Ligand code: SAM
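Here's a solo chain for you in structure tokens, the form predicted alone.
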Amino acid sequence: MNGDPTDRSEGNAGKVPPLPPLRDVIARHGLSANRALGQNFLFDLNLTGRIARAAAPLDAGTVIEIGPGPGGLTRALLDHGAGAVIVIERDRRFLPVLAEISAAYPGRLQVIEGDALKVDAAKLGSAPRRIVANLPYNVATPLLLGWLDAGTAFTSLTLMFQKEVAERLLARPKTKDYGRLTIAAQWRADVKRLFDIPPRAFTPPPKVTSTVVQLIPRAEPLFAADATMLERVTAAAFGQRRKMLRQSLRQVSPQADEVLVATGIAPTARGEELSIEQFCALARAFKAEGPTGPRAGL
């Protein structure tokens, strides 16, 4: 996603004297948001600046941005000291706008035309790598999971999600938002809520509030576990949330009852009641049993 509120943002436009206000750029190029690509533009320099500051320090290594659109956040990253920014944009309409920004900041901005889901961001630029992005809602989760799989290839991930997704990333056991995405994220990274951004801040305004979240990848996962097995266990446990684990985990192993008892977990418990540590213990136990099970998307 990309984003925008009122013209008050352009009171700070003196920070980028070579470039005209974003609204003027949009009008000149005849650009509009493509809902199919999850685009919403954020022009408010107060908000884009706040995101850039949250991701600091930006002067060393590489900052990677996904879906920059007209470049509101891109400008903020450069204005706040990013020495090397790489942006990945699949919508060709924005390439001329991004080229203008690149010319205004010689040698500091590289534009890659392509689908971020097909680009290995862990190999872009030099370390330390930071991803800072107002993510398209429709690809936010698969992008995040791919980056988390890369481990410490990234120093930090400062990302905007729709609030519903952010709540799942930040959830605790025994809450409605706690689930597979929670465990996948918190197992690999420290997750922190930064701030919310209301729908009116964007053009066009989405129907939901957005939340900026920062994830700091862990040097090692929170608890020992095989990643594939942990994914299988959580997929089964949360596939039908109201089922007892003795039933839901049978798709992982017919010995589910025995494994649960051996790990000190009540077979009558449900997935939302277990801590990440307990899920990791189950993953280790099932791995030792040699079970197989389905792998589904989050």
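Throughout, we count residues from 1 along the sequence that is shown. Keep in mind that this is a model prediction, so the values were computed, not measured.
We do not show the form predicted together with S-adenosylmethionine, though everything after this point is about it.
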Accessibility of shown form to S-adenosylmethionine in the model of the complex, site-C-alpha superposition, 2.4 Å backbone/C-beta rule: blocked
Only one of Val212, Ala116, Ala225, Ile131 comes within 4.5 Å of S-adenosylmethionine in the model of the complex by heavy atoms, so just point that one out. Ala116
Would you mind picking the one in Ala122, Val139, Leu181, Ala84 that has a heavy atom within 4.5 Å of S-adenosylmethionine in the model of the complex? Val139
Heavy atom contact within 4.5 Å of S-adenosylmethionine in the model of the complex, the stretch among 85-93, 189-197, 169-177, 214-222: 85-93
Closest heavy atom of Met229 to S-adenosylmethionine in the model of the complex, within 4.5 Å or not? no
Using heavy atoms and a 4.5 Å limit, would one call Leu135 a contact residue for S-adenosylmethionine in the model of the complex? yes
Partner proximity in the model of the complex: Gly271 to S-adenosylmethionine, non-hydrogen atom cutoff 4.5 Å: no
Just checking whether Gln39 would be counted as a contact of S-adenosylmethionine in the model of the complex - the rule being heavy atoms within 4.5 angstroms. yes
